[in-house]
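Just one chain follows, in the form predicted on its own, and it is written as structure tokens.
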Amino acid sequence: MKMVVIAGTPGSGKTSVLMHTVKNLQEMGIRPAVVKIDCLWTEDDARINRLGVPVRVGLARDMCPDHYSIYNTEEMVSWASSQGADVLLNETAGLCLRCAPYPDRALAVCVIDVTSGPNTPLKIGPLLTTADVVVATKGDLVSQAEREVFRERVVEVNPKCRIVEANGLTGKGSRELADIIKYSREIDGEMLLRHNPPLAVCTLCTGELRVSKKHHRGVLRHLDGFVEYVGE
């Protein structure tokens, strides 16, 4: 099975890009399953469910949504496998712009809004700099010159990434993203994070890179909402 982590700034159009990409994957005969990670509330699962794909929601509440997503990676992969999925699409809120919730064996996709300003790519940090694919949305709302400056800023901080220009309303760019997913690697074996999350109250905050739950201590929340303290 393949795994794709879709992260990005609030309001960048992550869910719209995801939904158009799901349609393209289905047309290719690929079976996706979606795990939507949000903070306090979402109704995106109802929108995604209308596409006829398995959907599961996780609410991080008082835990960083990216920490929450990382901590529950194994459970998400196991759930997607039980649904017969070929690819797990994990959309995470990514609010602090300091985390990079990308396991090394997953395809890392950062969605960023071009109207947020030409220097925004310089401010986002590992969320963008460690991504495999940068999806630039709302480019139709700015001039060609502004799009080119924005693109140069992205390349400046992540010269190896592939840039996809997308439109959440028309679906532009989603076929290209689906093609990239189709030919991405399978996840197998133990996964490591590409970048350590910031300091807080769990082992992920102090630099632990291993993904499996057995490696983590602190105040942690499960996909079903159960919160526990693990440690001495």
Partner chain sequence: MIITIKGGFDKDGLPERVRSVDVSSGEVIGIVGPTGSGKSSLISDLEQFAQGDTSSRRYVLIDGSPPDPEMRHDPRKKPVAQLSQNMHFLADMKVCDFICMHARSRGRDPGLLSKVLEITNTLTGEPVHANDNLTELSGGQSRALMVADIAVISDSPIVLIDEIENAGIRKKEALRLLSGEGKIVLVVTHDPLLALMTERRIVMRNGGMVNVIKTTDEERRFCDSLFRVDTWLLSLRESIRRGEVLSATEAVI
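Residue numbers count along the first chain shown, from 1. Only a predicted model underlies this, so the values are computations on that prediction, with no experimental measurement involved.
Quick note: we don't show the form predicted in complex with the partner chain, though the next part is all about it.
Residue contact check: residue 176 to the partner chain in the predicted complex, 4.5 Å heavy atom
Judged by the heavy-atom cut-off of 4.5 Å, residue 176 is in contact with the partner chain in the predicted complex.
Checklist entry - Can you check whether residue 81 is within 4.5 Å of the partner chain in the predicted complex, heavy atom basis? => result Output for residue 81 is no: heavy atoms all beyond 4.5 Å of the partner chain.
query = Taking 4.5 angstroms as the cut-off for heavy atoms, does residue 142 touch the partner chain in the predicted complex?
reply = Yes, residue 142 sits close enough to the partner chain in the predicted complex that at least one of its heavy atoms falls within 4.5 Å.
With a 4.5 Å heavy atom cut-off, would you call residue 105 a contact of the partner chain in the predicted complex? Because no heavy atom of residue 105 falls inside 4.5 Å of the partner chain in the predicted complex, the answer is no.
Original post:
Among 68 to 76, 126 to 134, 111 to 119, 82 to 90, which stretch has residues whose heavy atoms lie within 4.5 Å of the partner chain in the predicted complex?
Top reply: The contacting stretch here is 111 to 119.
The partner chain in the predicted complex - contacting residues of 141 to 162, heavy atom within 4.5 Å: Heavy-atom contacts within 4.5 Å come from 141, 142, 143, 144, 145, 146, 147, 148, 149, 151, 152, 153, 156.
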